[in-house]
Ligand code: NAP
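Take a look at this single chain in structure tokens; it is the form predicted alone.
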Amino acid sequence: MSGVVLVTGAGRGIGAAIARLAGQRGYKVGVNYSRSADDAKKVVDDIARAGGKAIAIQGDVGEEKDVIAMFEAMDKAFGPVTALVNNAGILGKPTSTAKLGADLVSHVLRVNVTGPLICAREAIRRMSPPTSKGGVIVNIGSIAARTGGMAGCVTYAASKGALDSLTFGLAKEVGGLNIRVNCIRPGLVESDIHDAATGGIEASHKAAKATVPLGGRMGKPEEIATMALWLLSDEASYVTAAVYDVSAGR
């Protein structure tokens, strides 16, 4: 397996696991981060130690100019992307809808919906004929799109529901260009995105035992990464417009 992949929000958690595995499998990897420069550098160093090639790219996916700069950095370092993993996302401060402000809604939607759309736009421009023969986009959604999410996280759940719709519509739009678009909806995964909503990782583990049918545990970022790399691979060559729950039956 080889190619050029940009993974957004890859400094930590699921994104970092996807970036590391992509490097192990021969991809040249763009490790995007917003604020966690040290974490992103560690991911790049891990990939290099394993014999791969990677660069860290700072950028807020909610800012169009940052997205454009990210893709231009990839062009310069490795050539046009052949794969994109839209992983970057934010939970937002857990807030009941009765107390919700428009600024919070706008911020979450800008990062979780506008960001993936603009990243997809830049990727499609590079994956399309005559300069390319196609490519793959994998969106990292959430089981919250189906369950409604945790208490106070309706905005987050709504944004991930939009990512499902983005996946279906975009896959139909670009299928003729030999670009596949799929989505993974993780369940409870060991990641600090849950900490703000649940009081920390210990509370998340406790909640998982009550709600996860398979083993009563949280998933590991590497378990999501394995699915992402399968969707990027030729083994999934006839798979597009698909949404996969990786949630242990939740």
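Start at 1 with the first residue shown and count on from there. Just so it is clear, the model here is predicted, and its values are computed rather than measured.
The next section is about a form of this same protein that is not shown, the form predicted together with the named molecule.
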property	result
Stretch in contact, per heavy atom within 4.5 angstroms of the named molecule in the model of the complex, of 97-105, 120-128, 156-164, 171-179	156-164
Non-hydrogen atom within 4.5 Å of the named molecule in the model of the complex for each of Leu6, Thr82 and Val136	no
Non-hydrogen atom contact Leu232 with the named molecule in the model of the complex at 4.5 angstroms	no
Heavy atom of Glu64 within 4.5 Å of the named molecule in the model of the complex	no
Touches the named molecule in the model of the complex: Ala22 (any heavy atom, 4.5 Å)	no
Proximity of Ile90 to the named molecule in the model of the complex, heavy atoms at 4.5 Å	yes
Residues from 130-165 in contact with the named molecule (non-hydrogen atom within 4.5 Å) in the model of the complex	Ile140, Gly141, Ser142, Tyr156, Lys160
